[in-house]
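Read the single chain below, which is given as structure tokens and is the form predicted alone.
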């Protein structure tokens, strides 16, 4: 999928030398495609690959792979959640049960995995889950569909918008530490910030 951007020649990584070592390590590690998973099974990862690509409208392998690895690490390292309803299972349990329900639904209705369905079928199921109306009810009885959708949306977006390629495309100049901003008034840009190149 081609992406349009107002900053076609901007590359946030060209400024990496101005970041401290710790920041360089964190940001650069996001460009490495890990292929092994600690939490996700192969089928779960492929369901998520199709799901996350649809959520952000981006099929680029290196970026979606990073999103998958980020979700896998988040689910496997036992970190806490900022907020969770008292009647909703912890994220690892919610997502595992949710991915199992997605696969069971697709197998029940189409005898295929989610990632094997036509685009409109994937989009239809995602819409139903976002509205809490996916069927059959017997498969979804123990999975809060809208909470599952929101959790996957949050995990996908936090990973997608932390990838340096996406930063460059949206004109985000990356961490300002340690150099900081000098021109901080409205309408002013520091030399290392992105400039609009294409307003069409």
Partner chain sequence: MNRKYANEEVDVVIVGAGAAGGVLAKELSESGMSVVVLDAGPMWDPQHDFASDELSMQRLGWEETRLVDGRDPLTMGHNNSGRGIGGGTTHFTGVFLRFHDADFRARTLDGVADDWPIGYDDLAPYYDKIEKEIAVSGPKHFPWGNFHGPYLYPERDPLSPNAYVFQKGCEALGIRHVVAPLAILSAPFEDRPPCINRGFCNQGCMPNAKFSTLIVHIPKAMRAGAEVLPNCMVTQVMTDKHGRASGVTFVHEGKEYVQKARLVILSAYVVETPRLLLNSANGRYPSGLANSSGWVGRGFMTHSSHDVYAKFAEEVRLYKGTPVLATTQDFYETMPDAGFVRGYTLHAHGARPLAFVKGIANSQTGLLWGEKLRQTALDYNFYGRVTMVGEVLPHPDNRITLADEKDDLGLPRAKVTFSFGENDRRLIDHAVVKMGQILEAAGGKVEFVVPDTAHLMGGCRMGANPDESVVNSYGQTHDIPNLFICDASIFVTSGAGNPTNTVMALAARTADYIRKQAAQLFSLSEKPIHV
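Numbering follows the first chain given and starts at 1. We call the rigid core the largest set of C-alpha positions that still match within 1.5 Å between the two forms. Bear in mind the structure is a predicted one, so any value in this text is a computation, not a measurement.
Separately, the form predicted in complex with its partner chain exists; it is not shown, and the next lines address it.
Trainee: My question is simply whether residue 176 lines the interface with its partner chain in the predicted bound form - judged by any non-hydrogen atom within 4.5 Å.
Mentor: Close contact exists here: in the predicted bound form, residue 176 approaches its partner chain to within 4.5 Å, heavy atoms only.
Trainee: Examine residue 23 and determine whether its closest non-hydrogen atom to its partner chain in the predicted bound form is within 4.5 angstroms.
Mentor: So residue 23 counts as contacting its partner chain.
Trainee: Can residue 11 be called a contact residue for its partner chain in the predicted bound form at 4.5 Å between heavy atoms?
Mentor: Heavy-atom contact with its partner chain at 4.5 Å: absent for residue 11.
Trainee: Contact between residue 44 and its partner chain in the predicted bound form at 4.5 Å, heavy atoms?
Mentor: Answer no; every heavy atom of residue 44 is more than 4.5 Å from its partner chain in the predicted bound form.
Trainee: Each of 39, 136 and 143 near its partner chain in the predicted bound form, meaning some heavy atom within 4.5 Å?
Mentor: No: none of 39, 136 and 143 comes within 4.5 Å of its partner chain in the predicted bound form.
Trainee: Could you run down 103-131 and flag each residue that has a heavy atom within 4.5 Å of its partner chain in the predicted bound form?
Mentor: Contacts from 103-131: 123, 126, 127, 130.
Trainee: Taking the rigid core as reference, does the Cα of residue 9 move 2 Å or more between this form and the one not shown?
Mentor: The answer is no, as the C-alpha of residue 9 shifts between this form and the one not shown by less than 2 Å after core alignment.
Trainee: Just checking, between this form and the one not shown and with the core aligned, does residue 185 shift 2 Å or more at the CA?
Mentor: Yes.
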